[in-house]
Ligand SMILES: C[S@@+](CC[C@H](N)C(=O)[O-])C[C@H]1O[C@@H](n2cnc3c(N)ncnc32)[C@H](O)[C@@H]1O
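Just one chain is shown here, as structure tokens, and it is the form predicted alone.
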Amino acid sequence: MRNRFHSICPYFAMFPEAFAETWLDRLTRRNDVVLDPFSGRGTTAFQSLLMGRRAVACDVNDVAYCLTKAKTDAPRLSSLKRRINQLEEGFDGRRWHHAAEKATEFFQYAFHTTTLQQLLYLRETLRWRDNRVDTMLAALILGSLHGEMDTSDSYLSNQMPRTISTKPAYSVRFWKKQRLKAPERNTFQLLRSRASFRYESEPPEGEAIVLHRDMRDLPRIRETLPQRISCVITSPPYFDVTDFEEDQWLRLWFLGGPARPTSGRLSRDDRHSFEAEYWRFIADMWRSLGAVVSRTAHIVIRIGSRKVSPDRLAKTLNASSVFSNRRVELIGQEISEIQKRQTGAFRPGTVGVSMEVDCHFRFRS
């Protein structure tokens, strides 16, 4: 059965656990160290632990760090339940009534008043950066913060996609036109339900290092990393496809960010519009990998673009490996069609990425 921690929080441009599982099975053995410098929702790191490997994960974005940390360092379910009870006992709706009233029109339409009060309280109270119980609770909320209200009671918001946070003005216009009202949800009850559901699967044991930083910083801290990172399985941001910071703005808000979409606040590399800039970014990735992985490490990279053909993506990715300052061999490549493109779910008629390229490299000593 699929481990339920995998799907705590789906979002746009994520690769499935089967991708990580296939390459881990093919290229690694128990206790090997696996690195993902763009950890996203933590799929590579989490699947590595499930398969008895060790993991190093890195991401500059708050949502990615929170999800990866929660899944790879899960607390006991009993600890979660005690914390939820404690939080619920400490919640006073009257204190948060004024804050909810002052919220922008988007938040007034997005959440029922009671639900919004609870979210504002939890946003201020949870210490998700340094407390593993609170990290898991924040991750569970991120996964339920917005979604389709007509198909499940597992989401807190008015009608929204599960994978991205739609822009405020667009959302309000849509809700007004459709005469949609946010459902009344008890966030504490939902947390209990979601925790029990996820913990139907056993959290994995094992060691994971989760870094909340830019992948370019890895060479500076290599002395703190395992000496033998034997495999990298990753997917850097695709060229000119999506801006994580804009698409995940509501989840970023819950973690302490601005109450509006932003771009370039956390990272300037979420979306590159110019090809030369994008390949400079990929060159930086190769420099970091060359500095921290073992002499004969395997490197598996999934990449995509709306503008660049799969063949040219693979050729340029291979050519850019020279910036690793290592001898690199391209073992193989595979072009695959995306079967269920998420773009159509929230932007009908748009042209997104239809093909992806998987490239397998190996460093040679």
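From 1 onward, residues are counted along the sequence shown. A quick note: this is a predicted structure, and the numbers were derived from the prediction, not measured.
Not on display, but discussed next: the form predicted together with the named molecule.
J.: Picking from 229 to 237, 85 to 93, 188 to 196, 105 to 113, which part of the chain touches the named molecule in the predicted bound form when contact means heavy atoms within 4.5 Å?
T.: Selected range: 229 to 237.
J.: Sort through R123, H97, R216, K81 and report the residue having a heavy atom within 4.5 Å of the named molecule in the predicted bound form.
T.: Going through each option in turn, the one that passes is R216.
J.: Which residue among N61, T28, S321, S305 has a heavy atom within 4.5 angstroms of the named molecule in the predicted bound form?
T.: In short, N61.
J.: Contact between F244 and the named molecule in the predicted bound form at 4.5 Å, heavy atoms?
T.: Because a heavy atom of F244 falls inside 4.5 Å of the named molecule in the predicted bound form, the answer is yes.
J.: Quick check on K69: any heavy atom within 4.5 Å of the named molecule in the predicted bound form?
T.: Flag for K69 set to no.
J.: Classify Y11 as contacting or not contacting the named molecule in the predicted bound form by the rule of any non-hydrogen atom within 4.5 angstroms, answering yes or no.
T.: Yes, contact at 4.5 Å.
J.: Could you tell me if F281 has a non-hydrogen atom within 4.5 Å of the named molecule in the predicted bound form?
T.: Yes - in the predicted bound form, heavy atoms of F281 and the named molecule come within 4.5 Å of each other.
J.: Going by the named molecule in the predicted bound form, which residues of 264 to 295 come within 4.5 Å of it through any heavy atom?
T.: S267, D269, D270, F281 sit within 4.5 Å of the partner.
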